[in-house]
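Starting off, we have a lone chain in the form predicted on its own, written out as structure tokens.
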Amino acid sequence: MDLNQQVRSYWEQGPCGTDKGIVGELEPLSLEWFEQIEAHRYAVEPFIHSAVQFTRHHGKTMLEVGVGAGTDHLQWARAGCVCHGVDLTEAAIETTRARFALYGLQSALQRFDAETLPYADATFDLVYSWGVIHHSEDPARIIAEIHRVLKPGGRFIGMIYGRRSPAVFKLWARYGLLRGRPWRSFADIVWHHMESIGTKSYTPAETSGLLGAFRSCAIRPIMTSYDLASWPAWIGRLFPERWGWFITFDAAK
């Protein structure tokens, strides 16, 4: 299998945020199951709302690349956006469809590899992708497609993983240092040991380069609970925000 096929195989087992450690024994696709997924997501990533500001985009035609379990996608619909979504997996598309049906909301959802988006040029006011494109074989190609389908002045809002972060350092200590292979790079560790095979991570400067075709781009690393877990609280308070595991961005075409 090529890399994207391997990535799809991994995520077809279940969208991000739907594992038993989060949902326990709740009935899959039930209202209670979805509400637990949503509660957990915004408990561990409370900054999503401030970074994205869903309600400021009322009435816009938007596309989400990588809908996952549909949690953020639901916020776009609640905010009054005209929603479209793609995902590499049937599992995510069917989960998000079931979620929208429960809430009486609508979105045009398709299973598609975002390296070739099925939309005409200048279709969307906004494209959103949170923690998704770094799993692709060719994130730069996805970004080029996103740029193509955005209208002039449209915005691309999202997040990719930051490489120089405490979260990655902990992975390196586990899979590099403690296994007698301290020479393994952070990039190699993330590629092989963070979620699906082939996961990529970036510095803020590399993120800026990826988004170089956009007219402007605001980049902000965020220190996350994944960075701070397992450290004494006093040590965690010393970590600068620029080391954050999540690199968020808001780019204008």
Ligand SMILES: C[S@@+](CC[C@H](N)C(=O)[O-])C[C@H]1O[C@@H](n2cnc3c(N)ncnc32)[C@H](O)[C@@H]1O
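Just so it is clear, the structure is predicted and the values come from calculations on it, not from any experiment. Residue positions are given as counts along the sequence shown, with the first one as 1.
Just so it is clear, the following notes concern the form predicted in complex with the ligand, a form of the same protein that is not shown.
Residue contact check for residue 175: none of its heavy atoms lie within 4.5 Å of the ligand in the predicted bound form.
Within this chain, residue 195 lines the site of the ligand in the predicted bound form, having a heavy atom no more than 4.5 Å away. Interface membership of residue 200, defined by any non-hydrogen atom within 4.5 Å of the ligand in the predicted bound form, is ruled out.
Contact between residue 23 and the ligand in the predicted bound form is not found at the 4.5 Å heavy atom cutoff. Only one segment in the set 216 to 224, 182 to 190, 26 to 34, 58 to 66 has any non-hydrogen atom within 4.5 angstroms of the ligand in the predicted bound form, and it is 58 to 66. Contacts with the ligand in the predicted bound form, taken as any heavy atom within 4.5 Å, map within 84 to 114 to 87, 88, 89, 92, 112, 113, 114.
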